[in-house]
Structures are given as C-alpha cells and as structure tokens.
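Coming up is one lone chain in structure tokens, specifically the form predicted alone.
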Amino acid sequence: MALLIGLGAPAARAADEGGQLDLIGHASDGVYLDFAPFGKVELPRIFLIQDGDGNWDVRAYASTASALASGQYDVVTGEDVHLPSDDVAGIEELIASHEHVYAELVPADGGRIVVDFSITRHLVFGLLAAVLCVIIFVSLARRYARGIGRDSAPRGIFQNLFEALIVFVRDDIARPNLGDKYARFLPYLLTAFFFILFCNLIGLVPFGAAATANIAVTGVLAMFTFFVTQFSGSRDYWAHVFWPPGVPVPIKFILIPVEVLGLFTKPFALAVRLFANMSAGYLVILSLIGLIFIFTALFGSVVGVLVSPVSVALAVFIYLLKVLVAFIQAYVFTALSALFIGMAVEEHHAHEGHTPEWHETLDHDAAAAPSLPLSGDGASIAGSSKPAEPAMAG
C-alpha cells in the first residue's frame, strides 16, 4: 500500500509494504511525541470547524484517537484508503495499530476544518525552549540583583557560561551594528539568540525536535524582526525608501518599488535561511542512514553490512556538525536582525555634501596626531552616526 508523502509514516512500515522512504514526513511536524521504539504520546487536537450548514464551531479532543472515536470524522490514511466515520470496526483497527496519528481527518458532515489549532511536537519543544529562557534568565537576574556578577565576579560555571554568551551578543552583535543605541534593542536580540539556540540544541537531544525546523516558527521570529525594524525606522530610513536621495528623479521611481520590496525580502530571507539550515541536517542524516537499506535492497545484506559503518560514521559527523550549526544559525539570525535594525535607526547627517561636525573634529584630531591608530571598535561601528568610543582595557 503506497503512503502519502506528507503523512509521516515510519520508514520501516513503508519499506515493509513496498512504499517509499518518507524522509520529509519523518522530519516534519506531527501531532504526537515519538519515543520509538517505546511508543508515541498523542497531543490534543483542536479544530475550528465550518459544518455542512455553514455554522462555525470549535472542537477539542484529548488526542487523535478521541477525535476518531467521536464518530465525527472520516479518515484518510493513504491514496486509496478512506474510512468513513460509520466504519467503526475499521477505525478501531486503525487506532489499535497506532497508525492513526498519521491520518488526515475530514469532517463527516460535509464540513471542513478551517484552522487546525492542534498542539504539535514543534510547538511543545518550542514552548520548552521558551520556558528554559525564562528559568535561566530569571535565575541570572536574581544573582545580579544580589550583586553577584555586578559588584563582584560571576560565580560558578552556570553564570560564567551565560555571562560569556550575553557579553558576546552585546559586544560582537549589538554594539557593532547599533552603535550607541544598542541598549534599546539588546533585550530583543538576547531573546532571539537564546530562544533559537535552545530550539536548535533541543533538536539534537534524543526524541527531541527543533522548532526552528518549522517555517511557521522561523516566520514568526522574522516577523518580530520586521516589526521592530519598521517601527524603529528613522526619518532618514523612510526617506531612503520612498525618495532615495542623490539619484535623478526618473531613477527614484525605479528604486522606490525595489526599496519597498526589500522591506519584505529581508525578513523572508531570515525565515527561510534558518528553516532550511535546520531542516537540511535532519534530511542529510536520514539519507545517510537510508543508504544502508538502499544498498541492502539493491545488492543484498552483505553489501548492506559493509556500507553500514561508513553510513553511521558520516551520520555521526553530520550530527556533530549540527552542534556547531546550532550556534552559528542563532548567531546569523541575531546578527542580521541587528544589522537590519541598525540600518533603520541610523541617522544620516551627510546629505547634500554636508559634513557632520563630529567628522570634522575627527579629521582635525587625526591631523594633529597622525601617529595614533584608530581603535578596533572604531572600525567595527563605522556605520554609526557618532565616532566610536575608545576600547576599554579588558
């Protein structure tokens, strides 16, 4: 029996029945927590329904099995498998086989599911990452309130670890891109960085799943960056969007649509980049493990055994690489968010050939003391509207 690609049936079942190996379905979201081989934990199902008479209703069930047992839904489990709600024996057999968690439910009264609000595993692990952020930073805040890390050095591995990461986000992401306005946006950047990092790392834990491998999650994160950027935009930022300076008027009418489109393409790229990178790792690992079964099916069990060490070694290498990718992707998303926000809040004072006063002062000081090199921080925030403050020792 061939299985639908999006239903997420296990690879073993697909192979036993002559179906296709469903890598996409295995790595995608689902309304259950998979603890194979120990079993699955079903999650609540919540539907916004429009019935056959056009009436709207919200229906909630403890699990997919409960929804099927209600007799209100037909079941679609494959291309040619459609169980009507009155097929009690067939539905009971489906529930007993535990394959109902992959089924698609269709209202039996001729209505439709308008919105599926069901709890999914990506949502569960995303909420877990959010809870970890709250617990960790409330704990750190209490330590700082007692003066630990503020009036004295941080204590313990826990505080020192997160102190290093917080300082990294502040000094290597926020300050270089936002200049003296970094403190205003630092809470958002820290939240985005640690939430994405925790989501990525949870996806590497056995039985876990990375919420950032869901385009809906990365899309919402990118929307936050979009709204923060637009609501923080300076007058110069909007002037560059709707009336780009320094170009002929006919060219302005060409650039304006491009600039407006750019407002949306940047957050779109943020969402797709994070989603694609986190999803790709799972697919590569599953593909490498799948080589064992492919070679076994094509050339026999002996070849499959010989291929196994190579496939497993490559899969372990990719898994370790994903640990590095978890940190890199959190950094990239946060750095690009800071860059986009910094471009929006920057105020330009050099229009129409006018040189800012601080620039004239800098030129005068440089001429008076040419032997003094510019500090590294000055170069790193060259896009700021003010000169960089001297780097502090230590």
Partner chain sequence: MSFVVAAGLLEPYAGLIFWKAIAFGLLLFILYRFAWGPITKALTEREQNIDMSLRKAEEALAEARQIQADNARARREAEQDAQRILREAREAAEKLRTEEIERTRAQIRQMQEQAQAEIEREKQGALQALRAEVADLAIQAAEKILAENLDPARQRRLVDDFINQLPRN
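None of these values were measured; they are calculated from a predicted model. Residue numbers count along the first chain shown, from 1.
There is another form of this protein, the form predicted in complex with the partner chain, and it is not shown here; the text below is about that form.
Under a 4.5 angstroms non-hydrogen atom cutoff, the partner chain in the predicted bound form lacks residue 236 among its neighbouring residues. At a distance threshold of 4.5 angstroms between non-hydrogen atoms, residue 203 is out of contact with the partner chain in the predicted bound form. In the predicted bound form, none of the heavy atoms of residue 77 sits within 4.5 Å of a heavy atom of the partner chain. For residue 28, a non-hydrogen atom is located within 4.5 Å of the partner chain in the predicted bound form, even though that partner is not displayed. Using a 4.5 Å cut-off to the partner chain in the predicted bound form, each of 103, 119 and 126 places a heavy atom inside that distance.
Only one of 96, 297, 88, 220 lies close to the partner chain in the predicted bound form, with a heavy atom inside 4.5 Å, and it is 220. When the partner chain is considered in the predicted bound form, only one residue from 314, 166, 241, 291 comes within 4.5 Å through any heavy atom, namely 166. Segments offered: 251 to 259, 318 to 326, 142 to 150, 304 to 312. Contacting the partner chain in the predicted bound form at heavy atom distances within 4.5 Å is 142 to 150.
In the predicted bound form, the partner chain lies within 4.5 angstroms of at least one heavy atom of each of the following residues of 175 to 210: 186, 187, 188, 190, 191, 192, 194, 195, in sequence order.
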